[in-house]
Every structure is written in C-alpha cells, then in structure tokens.
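Form predicted alone, single chain, as structure tokens, below.
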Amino acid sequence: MKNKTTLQEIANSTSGWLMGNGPEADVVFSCRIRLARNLKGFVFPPYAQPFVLKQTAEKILNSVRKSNYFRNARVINISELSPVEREFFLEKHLISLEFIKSEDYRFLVVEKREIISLMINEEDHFRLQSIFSGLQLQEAWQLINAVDDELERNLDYAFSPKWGYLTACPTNTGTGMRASCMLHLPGLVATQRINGVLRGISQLGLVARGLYGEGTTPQGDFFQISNQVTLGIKEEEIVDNVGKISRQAVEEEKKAREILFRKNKTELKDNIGRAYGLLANAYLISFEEAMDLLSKVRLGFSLNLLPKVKNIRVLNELLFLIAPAQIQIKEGKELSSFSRNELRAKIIREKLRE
C-alpha cells in the first residue's frame, strides 16, 4: 500500500528539473550526472545471492537515512511493482532500462523534487544521479559530488588506487561517472544535418542515445549525449568534455533553426501551426504522433512563433504526462491502447489551455 501511495504522490507532482529555467533550456532539455558505486567486500548484484543483496540494500538505506540530501525522501521497493509501475519510473528518468528487469531487494530512493535519486542493487550496488534543467552540468556535478561524499562517510566503497572505483561492468570502472545532456534538435533533423553532428560526437569519444538512455531510440527529436570512457580520466574532465560538446551541438542547432526560419519561414510557421492545431483539438492521439507534434510546437515556442504558448514548462511537462505508463498510473489501472490515446488527447488539450 505504501508503494501505491508513493506512486500517486509522484504521479501528481512535477519534477523540479522540468521547469525549463536553466541556460539554453530551449535546446538543452536537461543535464544529468550518474555515479556507479559498490561496497567493499560484497559481490556485485548480477552475481550476488539474495541474502547479499539484502545486506547491501540495508547498508545503503541506512546511509541514506542519515543523509541531509535525502531527508524526507521517498523509498520505493521496485521488486513489488508491476511492469507498468516500473515503466512509470523509467519514463520519469528515475530508473534505467536495466532496473526494470530487477528482482528482490531493489529499491529506488528519490527526494521530492526528483533532482537527486538513487537506485539500489541495479548493475552496481547503487547508482546515484542528479538531474538539472538546461545546460547546468557543472551544477549537477557539484551537487552529486557533495551527496556522494556524504554517503561515503557511512559506506566503505570498493576502490582501487590503480583502477579507481570498481564496477560490475568494466566500462564504468575508474570514475564510475556518466555525464549526459538531453538535447532537443529538431532544426538539425529538419535540415538533415543531424547524422553529421552525431558522427562528429562519436568521433570525439561520446555517444548519442534515445530519450530514455541506453538501449532506446530517439523520439521527438531528443538525443542524449554522454561519455563512454570513465577510466584514466578525471571527473572534471568528463564534465568539461560533455559540456563542451553539448554547447557545440547547441550552436549547430541554433544555426539550423536560423536556416529554417530564414529560408522556409512560411512553411515552418504552417507546420508548427498545424502541429499546435492538432494537439489542441485532437480527441485521439498516439504517443509517437504526440511526441512528433510536441517537438514541432517546442521548436515554434523557441522561435516565438506560438504566442498562445506562454511557458516552456507546460511543453516539458506534457512530454512526460502523455507517456503510456504515466497515463495508466494517474488513472490507477491498466488501459487499452485506445483508452490511452483518448486520455492522452484530453490531457494535451487541457494542458495547452494553461
């Protein structure tokens, strides 16, 4: 029952990082830092027996309870959730695709603004993340570094002077850090320059993923850029590199938007206006279509072509409110595809009136 109550509380609240109030927020949807940490003397979760997972969960939760950053945080037992309920947290960017398949003694800890969260017994003993609106990667890093230091006062990390933080997957060994920025790049997609930019990102040692991270494809012209290498490089260098490449991608996107506006202004206004009209008046709409139309409307907002839309926050919130699991959790039951499409259209119509 506690899990169900907490689910509804989270479903009815707005994530602090959806406000759209950070630098370059019309292009940089969010920035995130995630740290992988393990406890010394304990088997990594993929190979651990249930009693070991229980011990590590208890140790980590005990440290969390002593943390000022997690004061009044919600603790969710992922093992007790249904597939739809787990999908809900994936859509909220609070857990990973890997965590959906988790079994016993898996927990999510999330503070009320949802800026700081922690997965217990995912691939590693815990994954700690901070997520900010706009291009605030340095701010996200400073916060998560402070949280990590506080947790470490009560935990003995698996650390090697030679290799750094030890992790279940060798690609995370070293700093254990993944720094990423979620970018909205409709201009580059529309001008067919996106593949060149993504190739350039790859050549610089970064990787571009979909809206929900590793193992997902881009939707609504959103691309997540993150580092691949964690070994032999300092945390500050990772943050600086991802931030630098993200800023370059922002500049390329702005140039693409200028080209669209200058060369095809009437056509652009027509496409954006039609997208808004469909969203504001549809009574049935799929998730995929809604994401495509919202991408166009979000572009229109950034170019000052939609005076009816007063706040980017509304558009940011809609990107999550319309996701399949979000709709079902809000309704308190599983729904058919038709019912989801109907409710999604209603949510969009009502939200756009705000």
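Quantities reported herein were computed from a predicted structural model and do not represent experimental measurements. Just count from 1 along the sequence shown to find any residue number.
From this point on, the text means the form predicted in complex with a further copy of the same chain, which you will not see here.
> With a 4.5 Å heavy atom cut-off, would you call residue 289 a contact of a further copy of the same chain in the model of the complex?
Residue 289 belongs to the contact set for a further copy of the same chain.
> Looking in the model of the complex, any heavy atom of residue 40 within 4.5 Å of a further copy of the same chain?
Taking the distances in the model of the complex, the answer for residue 40 is no, it never comes within 4.5 Å of a further copy of the same chain.
> Please tell me whether any heavy atom belonging to residue 74 falls inside 4.5 Å of a heavy atom of a further copy of the same chain, as the geometry stands in the model of the complex.
No, residue 74 is distant from the partner.
> Can you check whether residue 278 is within 4.5 Å of a further copy of the same chain in the model of the complex, heavy atom basis?
Looking in the model of the complex, residue contacts with a further copy of the same chain include residue 278, since a heavy atom lies within 4.5 Å.
> Looking at 189, 282, 233, 208 here, can you tell me which has any non-hydrogen atom within 4.5 angstroms of a further copy of the same chain in the model of the complex?
Here the answer is residue option 282.
> Scan 274, 113, 262, 199 and let me know which has any heavy atom within 4.5 Å of a further copy of the same chain in the model of the complex.
Exactly one listed residue reaches within 4.5 Å, namely 274.
> Of these, 81 to 89, 264 to 272, 191 to 199, 163 to 171, which stretch puts a heavy atom within 4.5 angstroms of a further copy of the same chain in the model of the complex?
Of the stretches listed, the one contacting the partner is 264 to 272.
> What residues in 164 to 194 sit within 4.5 Å of a further copy of the same chain in the model of the complex, counting heavy atoms only?
Stretch hits: zero.
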